[in-house]
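Heads up, the chain below is alone and in the form predicted on its own; it's given as structure tokens.
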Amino acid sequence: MDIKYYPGCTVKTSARNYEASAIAALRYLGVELSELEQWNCCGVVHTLSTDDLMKQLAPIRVLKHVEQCEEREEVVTLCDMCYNTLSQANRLVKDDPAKLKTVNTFMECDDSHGGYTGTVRVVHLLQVLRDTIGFQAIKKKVKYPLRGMKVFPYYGCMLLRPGEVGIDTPEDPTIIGDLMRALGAEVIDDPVKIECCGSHHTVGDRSIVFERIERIIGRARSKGAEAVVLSCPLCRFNLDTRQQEDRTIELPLPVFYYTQLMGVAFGLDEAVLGLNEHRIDPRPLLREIGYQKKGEYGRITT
């Protein structure tokens, strides 16, 4: 199976381990993630203004390339913010032909392929794992079940809101938790899993982010969680880097991308998973629960 995916900017910079672990884990499952030959920044966030059509040019240009140049009807994203931005822009122009016509008019000078017609479906990689491959099929491919690991799935905002583009139930999502159960981990649940991590306030006012992560990490640890697992690079930065900087958190929790834990359960090489790139080193936890590095991850005791 070959899937075209849109990486976006962060996956190529501070979240390289997310991309590398995703490509490796999917390849292990017999799926090839092929990067779009041409792409641009999606614009990062969907505009909340009702009169800001120019903001849609960046995401619609990406979808136009998928449709007209790649000749695909579906594009997969890894980044939650890219997924949300592309999905909302796509929905906007599909629902409003006049706006689509205006956007296409501005893009006429791009090339000779024609304008975007609205046929592309934007999909998050988690949806591919759940709906195309299937968690039961993934479970059968696990070499080293994550027994003994208590993980807290954190969803944040962009995967779930607004409901029209969310990939799961906004108030009680289970998609990451279900994947972790398929890998053999124990899932810790708490309502803070859908609360905001502070998002871009990490640039201008870290105190907001510190307040948010103290609540999220505190609740997760109080329920017995040993690690956080998530899918958003910005959430990873706030819950990993900012948590490490927050001196009020005495016992920080390591933070994983779900693709990294897939790699651990599949026995993939640590170098591919990029676990050494985290501010809070997650490898001691893996050793503590009985995993060690031997060219690949393997369980010490069965």
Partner chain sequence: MIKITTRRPASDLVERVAELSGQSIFACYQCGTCSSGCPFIEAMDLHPHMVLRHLMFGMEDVLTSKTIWVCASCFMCAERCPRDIDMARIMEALRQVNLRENVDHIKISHMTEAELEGVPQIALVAHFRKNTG
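Just so it is clear, the model here is predicted, and its values are computed rather than measured. Numbering follows the first chain given and starts at 1.
Beyond the structure shown, there is the form predicted together with its partner chain, which is absent from this document and is the topic of what follows.
- In the predicted complex, its partner chain sits within 4.5 Å of a heavy atom of residue 43.
- Under a 4.5 angstroms non-hydrogen atom cutoff, its partner chain in the predicted complex has residue 201 among its neighbouring residues.
- Contact check for residue 194: a non-hydrogen atom falls within 4.5 Å of its partner chain in the predicted complex.
- Its partner chain is not drawn, but in the predicted complex it has no heavy atom within 4.5 Å of residue 276.
- Heavy atoms within 4.5 Å of its partner chain in the predicted complex are found in one stretch of 23 to 31, 232 to 240, 248 to 256, 266 to 274, which is 232 to 240.
- Out of the listed residues 94, 219, 139, 161, 161 is the one that sits within 4.5 Å of its partner chain in the predicted complex by at least one heavy atom.
- 170 is the sole member of 170, 184, 114, 134 with a non-hydrogen atom within 4.5 Å of its partner chain in the predicted complex.
- For a residue to qualify, one of its non-hydrogen atoms must sit within 4.5 Å of its partner chain in the predicted complex; none of 146, 214 and 244 qualifies.
- For the partner-free chain shown, 13, 14, 41, 43, 44, 45, 46, 47, 48, 49, 50 of 13 to 50 come within 4.5 angstroms of its partner chain in the predicted complex, judged by any non-hydrogen atom.
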